[in-house]
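Structure 1 and structure 2 below are the same protein chain in two forms, each given by itself as structure tokens.
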Structure 1
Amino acid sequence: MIICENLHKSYRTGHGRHEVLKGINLRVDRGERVAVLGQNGAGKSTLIKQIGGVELPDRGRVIRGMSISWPLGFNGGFQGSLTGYDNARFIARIYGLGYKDTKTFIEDFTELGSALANPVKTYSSGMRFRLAFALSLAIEFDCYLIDEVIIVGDQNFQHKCVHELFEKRSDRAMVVASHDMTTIRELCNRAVIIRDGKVIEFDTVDEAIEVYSTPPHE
């Protein structure tokens, strides 16, 4: 399970500090697919980063009882001067994977060809996304973090992404932040809304979407 206990997170702005998360409490069990809904700036991405350990909370803690991916598509951890192959070798070493199998998977999945031998800093954003997505899938995490379901590339590559993540790993937990209500209905079995820095939980995904889609009363 994953347990977020009283998470607070703020950022420095030109007018002091802006508190985004104001005491978030959330639990995600194995196999659950939890949608995180919220308006732009509500803190969806911030919460995803807290769960994944990309950022640390100001207060509170995240208890991780299962292995968790970094946010899919997040490429901030790449070393730009290293090649795609070198970054894959580094990830494989950290997670105790065989580099040969990882290399084969990366080559087949990304379809980047000889570009994998070039420094990542020379990649386009789409190429970096392909590599980041492939590296996320090369490791069999218990829970995948998805900050917007953005699948890039041609139709064949998009189908490959959907198959690898949502079909082959249908038993895994997922935390999905998205504005796409159709995707949320298809993928998730639970939903929460972030509003005013707090989490509001609902019994059903449809109920959460209805509340989220209804403008607040003046």
Structure 2
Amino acid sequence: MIICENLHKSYRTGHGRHEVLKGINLRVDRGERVAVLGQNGAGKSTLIKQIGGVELPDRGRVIRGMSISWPLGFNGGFQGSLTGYDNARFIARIYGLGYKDTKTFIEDFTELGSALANPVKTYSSGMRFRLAFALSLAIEFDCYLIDEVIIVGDQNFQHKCVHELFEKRSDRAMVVASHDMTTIRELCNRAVIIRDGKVIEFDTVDEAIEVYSTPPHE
């Protein structure tokens, strides 16, 4: 499982500090697919970065009882000036994977073809996500962190994602930040809202989406 205990995180701004997370408590168990909902700037990405250990909290701690992917999203994790292949090779190396199998898998899964030999900075956000997702599948994490992503692509790619994630890896956990309610309904079996730097829990995904979609009245 993953346990976030009283996470606080603030950033320096022009005038003083802005506290984004004000005491987050969250537990994610094996097999849970948790959607994190929230307005822009509510702290979804910030929370995912703390869980992934990309940034460190001011206070509180994250207990990681299972292997967690790096936050998969539009940016981060790749070196823009290197090709898709070189990035894959680097990531395979640091996670202790054989490059040959990894290479075959990502060629197969991403369908990026010759684009894999181009620098990642020339990729569209969809292409980046495909590569990141393919690599993280090759590494076999217990929990996938997904930041602001709509599973983009054609029918075939969507089908593959569903197959790899839901059929072959139905026991894996996920933490997903997204604005796309369709994706969230499809992917997740639990949802929370981040508001005022705290987590609000709900019994069902639909309930969370309903509360989130209703604008708060003053």
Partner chain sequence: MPSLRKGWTIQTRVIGALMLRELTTRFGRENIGFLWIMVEPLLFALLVGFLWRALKGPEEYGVNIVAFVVSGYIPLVLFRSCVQRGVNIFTANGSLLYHRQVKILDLVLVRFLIELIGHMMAYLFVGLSLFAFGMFPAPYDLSYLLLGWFYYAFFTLSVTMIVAPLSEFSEVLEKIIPVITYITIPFSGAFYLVGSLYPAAATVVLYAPLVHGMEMMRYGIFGPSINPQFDYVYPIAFSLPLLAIGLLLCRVVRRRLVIE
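For clarity, a rigid core is taken as the largest C-alpha set superposing within 1.5 Å between two forms. Along the sequence of structure 1, residues get numbers from 1 upward. Since we're looking at a predicted model, the values are computed, not measured.
### Task
Structure 1 or 2, which would you say is the form predicted in complex with its partner chain?
Between the two, the form predicted in complex with its partner chain is shown as structure 2, not structure 1.
### Query
Using the core for the fit, does the CA position of residue 141 change by 2 Å or more between the two structures?
Residue 141: C-alpha displaced by less than 2 Å between the two structures.
### Query
In Å, how far apart are the CA positions of residue 103 between the two structures with the rigid core superposed?
With the rigid core fitted, the alpha carbon of residue 103 is displaced 3.6 Å between the two structures.
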